Ligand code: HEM
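Only one chain is included here, represented as structure tokens and corresponding to the form predicted alone.
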Amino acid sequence: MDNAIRWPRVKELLDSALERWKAENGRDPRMRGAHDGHIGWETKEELASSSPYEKQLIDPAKVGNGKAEETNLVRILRGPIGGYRRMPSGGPYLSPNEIKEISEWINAGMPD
């Protein structure tokens, strides 16, 4: 039986994090203006091409080969990197298990 994490679960995790942030902060985030570049995840292709601050969230060279922990997406979800705060800014943050699911998805080649 295939137990691989699939795109709908990753989108659910990211959407849930955004909804928790909205509930805690009482407003929609200013993601487009605050991230100086494109960021989004309506599709996995959009997530893969997201490059806030000219930092690609998912480097294609790190997909499907056990290097998900090196992607900017996983790194910024775990903690601050290169002067940028852990995301989502100020929390609430994804749990270690939720981040692990995203990492497993990237390591599995980002399956649909």
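Start at 1 with the first residue shown and count on from there. Note that the structure is predicted; figures quoted are calculated from it, not measured.
There is also a form predicted together with the ligand; it is not shown, and the following applies to it.
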Is L57 part of the interface with the ligand in the model of the complex - any heavy atom within 4.5 Å? yes
Heavy atom of V10 within 4.5 Å of the ligand in the model of the complex = no
Worksheet item: How about V63: is it within 4.5 Å of the ligand in the model of the complex, going by heavy atoms?
Response: no
*asked:* Although the partner isn't part of this model, could you tell me whether G37 comes within 4.5 Å of the ligand in the model of the complex, counting any heavy atom of the residue?
replied: no
Contact check, 85-111 vs the ligand in the model of the complex, heavy atom within 4.5 Å, ordered by sequence, gives R85, M87, P88, S89
